Structures are given as structure tokens and as C-alpha cells.
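Heads up, the chain below is alone and in the form predicted on its own; it's given as C-alpha cells.
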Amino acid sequence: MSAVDLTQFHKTFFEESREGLDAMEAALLALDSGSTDHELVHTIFRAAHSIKGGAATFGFSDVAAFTHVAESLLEEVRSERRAVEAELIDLMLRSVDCLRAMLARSSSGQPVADADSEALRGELMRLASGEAAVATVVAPKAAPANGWDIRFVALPHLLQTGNDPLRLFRELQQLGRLEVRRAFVVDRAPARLADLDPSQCHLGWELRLHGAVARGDVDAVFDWLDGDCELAVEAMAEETPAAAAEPAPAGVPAATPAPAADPRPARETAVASSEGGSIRVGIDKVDALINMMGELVITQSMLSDIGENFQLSQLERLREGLLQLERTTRELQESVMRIRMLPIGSVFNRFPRLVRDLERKLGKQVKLELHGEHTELDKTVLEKIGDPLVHLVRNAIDHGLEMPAQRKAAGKAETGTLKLNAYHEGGNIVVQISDDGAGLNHAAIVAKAQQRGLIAAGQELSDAEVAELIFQPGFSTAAQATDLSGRGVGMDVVRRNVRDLGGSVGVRSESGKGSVFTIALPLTLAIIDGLVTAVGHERYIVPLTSIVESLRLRPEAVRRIAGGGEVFHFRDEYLPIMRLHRAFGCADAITDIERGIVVVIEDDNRRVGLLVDELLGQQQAVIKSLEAHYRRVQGVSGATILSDGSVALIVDVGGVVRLGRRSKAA
């Protein structure tokens, strides 16, 4: 009898272990010093025990050894031989972080244990044996005698998040002498130069940072790149003269020639785990899907019988069968889409730990309130909304909420309140991040905008216009850069990421009372309700949620402006006209304004009028990626197949609005 290949179960083990760590973290955060809540302790113990058992079964001995020591400590707490203390909770939270990193290395085939995990395991063992662990708490962060070896591999989307490898290298140079041991192109890069996308990064570097630099200072440089790169930092081995390379010149590190083959090809761990993930589906959703399939089989059988013996007398029966097919297909579609819908609570659950860590780091007191955790949205949207929300929560605590003494002096409670709320509104999901802090500093924002030349000196701005300034690329009012803010990477990245999901983000703020950031997202990225329009011989679909109104214009209602642009008066403002036949090069299209139809579309409270030939009707569109099968086209978010088999392009409303506003400004 052949042995069972256990590697087929590895993916399930990693997923269940990560869920177990999430449960451990949530229970630890709910556990107070001196607590006697046995259920919370049992939850933590069971999760650790399950991870240890799975790791031992599948041969991940380093993970099993680490978890065994943690489990021994938890057993002492569970049997009431050890009291719950703040130091123990902190140590177990650090252990959860360490296990996450070990599992990530295990899943990508890298060495699992490192200096940090071994040092932390030593702390756990000393505490379990009764020795004082206080002296060892900072040991893992101590600087080595020589420095650090750093392997940094950018994931393709790194540049799109506003990060720049050269900026990171310059920050490392401020810590010590930096040299580039090797620079290389990862094996996932396109083979042909013509296929390269300039917005993507396919490079990796092996760096060496010389000097007595604390590990925490190195980690702080890469703090904003969570999920955007593959990173390994190890204590530098004793250096030999022959191995030394040329130091990097000031400003830009020099790359040494890469060898013919990379013995350690870069892995797409983060990307693979996202794209190749799985979904746990409730049995009720599976039952509904099976029922719909049964209805579909019955309808198909009825229509097949009519087709084989068709007579005019059966015309009414045929019509009824087609109507039944339409209803069943729609219900089947909705059932399938519900399978991809997951509660946003899986994203919200990361914030109690983040808030706790930021409280301690900044010396602030924060009460976190979560509402609407069961609100569901598409898995793809869910995976990509996490990072923008992290940015907003960090900014709310760092910039919005005041220090306890400041709040007390202002007549507020010393503990600030941060609320996350999710709810459905129309065809969108709305996520609000609100705080009761100081609100936006209008004077500082205006001063910074004038300094950067974004507005003229003395220019009067409304509250909404001032709030809009914080979304400008690289905009920051922080006097000093920290690992939380002030590096010019933040709100512009949040808006860009949300727009990539077809959503919008806005802010309302009141001085002394706080701010509310609102993100509106589509429930799913797979299907949209759209208005089919004709432009020449082509068909374009405009998402219904972005349409304000459609109208015909008389020639005298249109005004020309400098640069050849056109505007028209619409509800107390002048809107630019975007001629789609010019933007997309459509032949035989209507060029006279009075013969065409102008569709007013809106994105982030900015409007543009699209000139089309005619409106053909409303239709649900199944979105197909144009970029995956062809290339990215400005102003187009995807394509779909119409009922007659022809292809229609889906208008990227955000891109078209920005293009139209730029033409107006010109």
C-alpha cells in the first residue's frame, strides 16, 4: 500500500492555522490582567493545541516546537497554576505574530526558524521554568556586531501603492553603510520587453547594512510595505575581506552584476495566497445552489420537449418556459454570487490588535467600536479593502485623536472613541471610519497647500475643498516623519486603491469634534447594472450607479473654452463634455451635439457629460478583464459580451471623469 501524500493537505493546514491564530489574538485582546474567564483561556489553548498537532502531523517541526512551549504556558494558566498577567498577555501576542511569520515562511518553502523566533521561544521556556524573562524581552531587538543581511523582493504592485525602493534604500543609508550585494530580475517578469508594464516592479535586491543598527530601526523602514514585498532580515555573519562589495553611492545604491541564474528564485507568496485562496461556504448557500440547479434541469427538460414536438398551439407554453428559464437563471446567478460574499468582520477583526499596539506606542487611550461586522461583500473586494482601512485607522489615531491631557483640557473624556461601521446602501457597501478627535487642522492644511503651490496665497476655500487637499499625492502636514505618518504615503494611496475597486472615498470634519471618512464600494466586481450606449458602430456600457442624468443639448447651450474643450451649464455649474468617439477613436459617430445624447456621470462628487449617439437600454454586464487578455486601456475598466454575441467595453467612470476635468482645466 503506497504512503499518503500529506502535501495535498498543507494548504488547508495553513488556512486553518491562520484562523486559529486570529482566534487566539481576539481572545488575548479580550483577556484582562487577573482575569478568571476560563472560556477565553480555553479558546486560546485549543487554538494553540490544534496548530501544534497539525504542525507535527505535516512535518513542520519548528512550528510544532514553538507552539509546544506556548501551549505549556497556557496549560499552567488553564489549570490555574499561573495567573493571567499583562506581561504574559504581551508575550503571547508576540508569539501569535511570530507564528504567523513562521507559517508564512513554511508555506513558501523558506527556513522556518530564525533568530527572532528562537529568542522568543527561549523567553517562553524561561517563563515556563519559572525564570525571570524581563531581561530577555529586548534581546531579539539588539543590534548585531556587524549589521544585517536583507533580501528585499518587490511584489508587482509595489509601485502602485505609492512606495519607492530607492526611498527605502536612502532611509537605510541613514542607519549605516549600505551596500548592494546583488540586484536581479525575478522570474515572474515578462519575457518580452514589449509586455512590460511600467507600473509594475519585477526587481529584487540582496543588501548588506553595516553597523550596530537595532533590528527595530530596520523593520521601521519597511513598515509601510506589509503585503507589498517579500522581506528577509538576518543578522550578518562575520565578514571576510574577499566578500566585501563596493559601498552604495549617496542617494542611489549601486547594483552589482547579477549572476547568470538565480539559485533562489523569488516566490510570489503573498500573491499566490490571495489569488489561490479558498472560501468557506455555509451549507444553506450550497443547498440553495443545488435547488436552483434542480429547477434549471426541470426547465431545460420542458423546453427540450417543446422543441422536439413544436406546434403553434404550444407557443404560449414556450413563452412560459422561457420566462421560467429567465427567473431560474437570475436566481441561480444570485445564489452563485452569494457564495463569494463574506462578512466584513474578517477585516474588522484585525483592528483591535492594531489599536492596542498604537495606544501603547503613542501613549493615547482609544475605545474601538465595531458595527455591521456581518455586512457581506464580494471576497475580491474584501481582500483589497484591508490596506486602505488600515491607513485610515492609523491616521485617525495618530492625527485625529488627541493625547489624554489635551482631551481633558478640551472638556472631553480622556479616552477617545474610534468607530468602524459597515452597511448596505443601494448597490454599494458603505464603510465609515469616525473619531471624536480634533478634526482636520484646516490652517495647517491650507498653509502646506500654499507652500506646495496647490493653491494661491489668500485663496478662500470651503471646508470640503480643504478636506479634498489631504488626498493630494505626497501631501502631509506632519512636521517630522515617523513610522506611522508623515512620509507622504497615505491618503492618496487610499483613494487610488479604493478607485481601483470602483469605489469612492470622502471625508467630513468639524474642528474639535472629529472626522468621518466614508468609503463606498460595489458589492461585487463581477457583475454590474449598466446603461448600453451606441457610439458609431461600437457599444459602451456605463455603470448605472454613476449616472446622474441623460439629456439632449441645443448648440447654444455649449461653450468652447481655451484649448478646444467644451462645457455646458448643468445645475448651477459648468461641466466638461467628453466626446467618446474622440476618446476611443470610433468611426461614423454622431458629432453634432444636438443630434447626440449627453450622459452626465459622477465620481467623487465630480461630474462630466459623455456625448454618445443613442441609449440602447439597461443590461446586467458580466465583467471580463481587458487587461488580463489584452492590455490596460485608459478610460476602460473591462469588457462584456452582449446578448447578440458582440463585445461591449465598460466605461471606467473614474478615469473618464479625471480625463474630462483635465481637458476642462486645459
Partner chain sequence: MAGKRAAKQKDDGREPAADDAAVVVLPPDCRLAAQAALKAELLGVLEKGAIVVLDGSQVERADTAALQLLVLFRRELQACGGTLDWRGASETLNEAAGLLGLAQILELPAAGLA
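Whichever C-alpha set is largest while still superposing within 1.5 Å between the two forms counts as the rigid core. Positions refer to the first chain, counted from 1. Here the structure is a predicted model, which is why all the values come from computation and not from measurement.
Not pictured, yet referred to below: the form predicted in complex with the partner chain.
- Only one segment in the set 454-462, 87-95, 165-173, 538-546 has residues whose heavy atoms sit within 4.5 Å of the partner chain in the predicted complex; it is 165-173.
- Think of it this way: in the predicted complex, the partner chain has a heavy atom of just one of C201, L358, L575, I433 within 4.5 Å, and the residue is C201.
- Interface residue among A587, I561, L196, V297, judged by heavy atoms within 4.5 Å of the partner chain in the predicted complex: L196.
- Using a 4.5 angstroms threshold between heavy atoms, V185 counts as touching the partner chain in the predicted complex.
- At least one heavy atom of P190 is located within 4.5 Å of the partner chain in the predicted complex.
- Put simply, F568 is far from the partner chain in the predicted complex: not one heavy atom of it is within 4.5 Å.
- In the predicted complex, V180 approaches the partner chain with a heavy atom inside 4.5 Å.
- In this overlay on the rigid core, G503 has a C-alpha that sits less than 2 Å away from its partner position between this form and the one not shown.
- Once you line up the core between this form and the one not shown, the Cα of G345 stays within less than 2 Å of where it was.
- Remark: with the core as the superposition reference, the CA shift of S79 between this form and the one not shown stays below 2 Å.
- Compared with the form shown here, the Cα atoms of F169 and K448 sit 3 Å or more closer together in the predicted complex.
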